[in-house]
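Form predicted alone, single chain, as structure tokens, below.
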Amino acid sequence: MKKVKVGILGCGNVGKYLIKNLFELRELIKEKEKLDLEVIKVLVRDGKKSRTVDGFKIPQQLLTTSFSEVMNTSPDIVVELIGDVEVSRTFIKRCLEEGKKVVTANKFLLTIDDEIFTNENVFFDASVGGGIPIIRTIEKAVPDEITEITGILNGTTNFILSSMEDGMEFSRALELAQKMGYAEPEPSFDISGLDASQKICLLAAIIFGIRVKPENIIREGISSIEMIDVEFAKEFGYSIKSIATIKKKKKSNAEEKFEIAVYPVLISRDSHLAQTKGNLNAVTIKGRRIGELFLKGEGAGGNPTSISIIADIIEASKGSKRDKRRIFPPDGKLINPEDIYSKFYVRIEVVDKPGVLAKIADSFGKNMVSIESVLQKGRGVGEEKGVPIFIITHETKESNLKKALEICSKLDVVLGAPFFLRIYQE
């Protein structure tokens, strides 16, 4: 039986569940993995504060406010769960310098620090997808050429959009998400798409070696989506979901290009992603030979995330080293957002009078945007009262659509800026 000493840096929600589950699963792991995982020290800010989770009281003697004291206990593996980027970076590099293996879930740090990301002794499966083994599945279980990863990688936005589909306004859904602990008091990190963009950039580096920063990909949040968009989507067989996606595309000259993005889309209600409700996460992995794999589960939270961390601890304990990651800048490898082709959903507020559709159709036609269907809901009262027109386009280049909408926004019959969403086609 191999004894493994585990030091833990940080004791927030995930840290508390990790300690609890390491204690409760200790005998099972001994039997199944032939490893005895012992928590030896836990770094906290306040060593006198009592910490309990789901009835489990963390032993007070494990707690320390000194990083040096953690290291003096000679841990075999150090788990970093602090969150603060610079403090985490400092502690992780100290651990690596002393020959320790490190487990972390700090996705932001992993997207910006090449040295830590490429180090063979750093394990980070819990950094994307919480309790869903996305990274482990990609690296260990799919010996195939992956062509696409598309998923719901943020539970907060999924909860809000699911609530809106059930009839709740955006502001109320956000308030409920905050009350239930799914969203922070300052929720922009989630609803702006920043959290999901960090995760998809990390997956891009893991799968394809592309080292791209979140600020350099397409990123759109969900705050502009209105109930009228959700209702339209439902009526026509769609759900609105915020997805993160990376697609590898080959042109005729065999040059590989990548589309990396986070944005809300209309997606068929029959799809697995559309049926992922509440605060769940899900991801679709597509390979040239394996076809399509679908993973779904708790994407955040102390219990599921701690299980992914324990899986990393077990892997590291068995003497494993990650393969040395090779990364390169995305020079010329990213598809220009303006050149991406998609079907689109468009909502335009217009004056209710004859000839409006003809003017809009003319703007679309002049920019090579073919209209698949048009719907007007309701009637206005006088020319000053607007009515919404909904348009579904055939597949077209995004730059063409934007040019058409720019022209539409200047028409005297159009009230305000047109709104559009992409339509995800599986």
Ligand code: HSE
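Here the rigid core means the biggest group of C-alpha atoms that line up within 1.5 Å when the two forms are laid on top of each other. Numbers follow the displayed sequence, beginning with 1. Quick caveat, the model's predicted, so the values are computed rather than measured.
Omitted here: the form predicted in complex with the named molecule. The next part is about that form.
Contact with the named molecule in the predicted bound form, defined as a heavy atom within 4.5 Å, holds for exactly one of Lys107, Lys296, Lys286, Lys100, namely Lys107. Listed residues Glu169, Asp114, Glu184, Glu338 were compared with the named molecule in the predicted bound form; Glu184 is the one with a heavy atom within 4.5 Å. Heavy atoms within 4.5 Å of the named molecule in the predicted bound form map, among the stretches 211-219, 329-337, 137-145, 299-307, onto 299-307 alone. Shown alone here, Asp312 lies farther than 4.5 Å from the named molecule in the predicted bound form, counting heavy atoms only. The closest non-hydrogen atom of Gly155 lies within 4.5 Å of the named molecule in the predicted bound form. Among heavy atoms of Lys241, none comes within 4.5 Å of the named molecule in the predicted bound form. The named molecule is not shown here, and in the predicted bound form it never comes within 4.5 Å of any heavy atom of Glu165. With the core held fixed between this form and the one not shown, Leu174 has its Cα displaced by at least 2 Å.
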